[in-house]
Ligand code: PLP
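Below, in structure tokens: the form predicted alone, a single chain.
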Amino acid sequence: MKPKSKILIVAGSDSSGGAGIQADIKTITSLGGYAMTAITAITSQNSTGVKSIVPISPKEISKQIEFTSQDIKPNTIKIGMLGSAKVIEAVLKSLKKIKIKKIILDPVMVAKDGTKLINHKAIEILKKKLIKKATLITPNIPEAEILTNIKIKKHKDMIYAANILLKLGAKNVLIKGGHLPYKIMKDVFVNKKEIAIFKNNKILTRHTHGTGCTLSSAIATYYSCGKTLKKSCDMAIKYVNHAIVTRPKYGKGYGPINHLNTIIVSKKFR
């Protein structure tokens, strides 16, 4: 199987393999893409929580982005955990140099166990500068609340928050509705021309580690292959839902999902 497209991931590493760079690589590979990376931080974590975070210097992050792209130019860039204002500024400068138009931004702010992954100054720069560079931003409800300074309790609030993000300069917004206490989960896609709501039955399980990273990488992969942004969101949501349904049930806490759910192994290799 030959890769259909090239995706550069700018994100943090997850030693447990369920989220971050590891989840991104698995997702992109299983969907037929070629994954490249610029690691922003090294974390020691497992399904029960984050033990430590070691940031990579902004200069080294820029080198990874620029030197990689000089040789193998990505079709799409997926951005995840950034951590600090200096890192965001470095990424912005590198994006300006490599001139990639398709950018999927997952504004990672808090780990599943509640560990804060970004500081206040970085959030402000993300709001003022980075959002404007992204083709799509994919916050969950807690992240959308931080970015918009409103409380989201209903699906109408999600649409209202998305419109605030559009006013901040976002081109397209996908707010994920998994944190709301409803049996039917709604993910809301909004831009200046349309509103689309993707409905799915909520899967009750603690094995949801890395769903946000996985979703944004899946969107980046489908989008890089020529699908429309709306269709890419729809297909990526279905991929993540199936990955949750087929979860391997690893770990004592928030376990990983099954990134390999799209792969069918030939009988002769079984």
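For every residue, the number given is its place in the sequence shown, counted from 1. Source: prediction; values computed, not measured.
Here the subject shifts to the form predicted in complex with pyridoxal-5'-phosphate (PLP), a form of this protein not shown in this document.
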Review point. Which one, 237 to 245, 208 to 216, 221 to 229, 62 to 70, holds residues whose non-hydrogen atoms are within 4.5 Å of pyridoxal-5'-phosphate (PLP) in the predicted bound form?
Key: 208 to 216
Exercise for review: Determine whether any heavy atom of residue 108 comes within 4.5 Å of a heavy atom of pyridoxal-5'-phosphate (PLP) in the predicted bound form, and answer yes or no.
Suggested key: yes
Point to revise | Proximity of residue 159 to pyridoxal-5'-phosphate (PLP) in the predicted bound form, heavy atoms at 4.5 Å | key: no
Exercise for review: Verify the contact flag for residue 12: yes if a non-hydrogen atom of it lies within 4.5 Å of a non-hydrogen atom of pyridoxal-5'-phosphate (PLP) in the predicted bound form, no if not.
Suggested key: yes
Check your understanding: Taking heavy atoms and a 4.5 Å cut-off, does residue 117 contact pyridoxal-5'-phosphate (PLP) in the predicted bound form?
Key -> yes
Revision key, fill the gap. The one residue among 87, 147, 81, 130 placing a heavy atom within 4.5 Å of pyridoxal-5'-phosphate (PLP) in the predicted bound form is 81
Exercise for review: Between 33 to 58 and pyridoxal-5'-phosphate (PLP) in the predicted bound form, list the residues on our side with a heavy atom within 4.5 Å.
Suggested key: 43, 45
